[in-house]
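In the structure tokens that follow, the same protein chain appears in two forms, which are kept apart as structure 1 and structure 2.
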Structure 1
């Protein structure tokens, strides 16, 4: 009887909120089609995949051979180093800049200036890396780039940032921060909007200056959001930004520019070694999952904020 009452109540709830569930149904279907169904094809990592002749099930099962080849390859540690370098570099620079930008916009009392800065800061997010490459080239070109013109005017020597192994990583990290920090700041601005204004008023009455209000009210209030964003980024630590690297790098900077995703692209689509490429992709996903669980556990122990 209790079970019948439960399903009756569930049916009434579903009927009452049907419009919301219909809206939720669409992304669930899309996510299922493009995320869960392709998991079936992950078995390519364990086969000597020949797409035209045998297909997935007809290809020879080779077990962990593809994983062994990837781990033992000459490029393995270089790919790991470069991927982690860009991933951590983007977190270290982009996250604090996003938080500072959000606080600056929130604290700005000039309405037109606040809206203008917010719009201009997140506008680059909507530009593809193809367009961004053109902008970066016009800024950093060794022949007529604005940055190199300034360097030459001050008596320096022009630097080819896109082919210089020392300059290229900094160009990648800072161009990503420029493109994405405005969009990332939206999350923190939303969190700032939820802070009780009376806390700031009380602090001002007590004589707290702007920096003290940020230090003792603003940052502690949005700490759970910061932790959540950081955990999500750590979970995708091996996603160093294929589109950006693919547009900016060249053989001249493979030593510092080649990441797992670009190597997978060359092995899979260019050389047709789909089994090896899929194995590298699964390896990356598995390590990312372990990092997410580890960072979530550590965050729960230290700050009592976590995703789950």
Structure 2
């Protein structure tokens, strides 16, 4: 009896929802082609795949050889170190900067200053890394950049920041901070806007000054958001910023600039070592997946919000 009810309801639901299934058909197929076929293709990590012409199934199965080669190679630890250096560096410098920006925008009483900073700070998020590279050149170019102009004026020698292994990591970290600072601040500004006004009124009546207000109301109010953002960022710690580093780096700074993604590109698509490159990509994808699950789990626990 119960199962009959179930099928009647199922039939009813399907009948009412059939138009949505029709609507979903094409997106599901497109998604399958461009997201699931690559997962199938990823099996070349276990094969000796030479060229697209011979096909995937036509190449010999080599088991974990590609993974072993990647993990045992001398560049393995360099790649891991660089990848983590960039993602942690970006969190350490960008996160406090965007929190400070959000609080400054929120607390600023000068309207034009507030509006200008807010609007201008979002803008770089929408510029590509190619454009950013052009802007960085206009600042740091050894022949004709403002920074080297100042160095030369104070009697120093021009430095080519983009090919200097000492300067390059800082350039990567701070150019990213500059570009994304305003955009990352949005979520904190939103949290600040949500603070109950009566808290401030009460504080005012009690005679709290601005410093105490920030310390006891503003900061505690955005603390859960900071924790959530931090956790979600930790979940993508293996994404060090391929688009940025690929645009900025050059052979002179491979030792400090190469991350897993850039290496995968050079090995796989330039040198034609498809199997090895895919193995490295899968290695990164697998660890990334575990990290994402972990960060999502903890974020759900701590602040009841999560990505999925």
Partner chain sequence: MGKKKTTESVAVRLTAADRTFNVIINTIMGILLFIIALPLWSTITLSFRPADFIGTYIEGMFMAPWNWSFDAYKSLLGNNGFLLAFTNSLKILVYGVAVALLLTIPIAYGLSIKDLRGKKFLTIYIIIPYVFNVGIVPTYILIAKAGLTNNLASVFLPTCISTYNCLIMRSFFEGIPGELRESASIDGCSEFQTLVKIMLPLSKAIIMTIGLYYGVQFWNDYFRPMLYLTKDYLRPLPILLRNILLAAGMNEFVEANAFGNAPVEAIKAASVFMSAIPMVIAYPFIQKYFTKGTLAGSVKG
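We call the rigid core the largest set of C-alpha positions that still match within 1.5 Å between the two forms. Positions refer to the first chain, counted from 1. None of these values were measured; they are calculated from a predicted model.
Legend: structure 1 corresponds to the form predicted on its own, while structure 2 does not.
With the core held fixed, the Cα of residue 262 is displaced between the two structures by less than 2 Å. Superposition on the rigid core between the two structures places the CA atom of residue 38 2 Å or more away from its counterpart. With the core held fixed, the Cα of residue 251 is displaced between the two structures by less than 2 Å.
The rigid core superposition between the two structures gives a CA shift for residue 291 of 3.7 Å. The two forms, fitted on their core, place the C-alpha of residue 28 9.2 Å apart, compared between the two structures.
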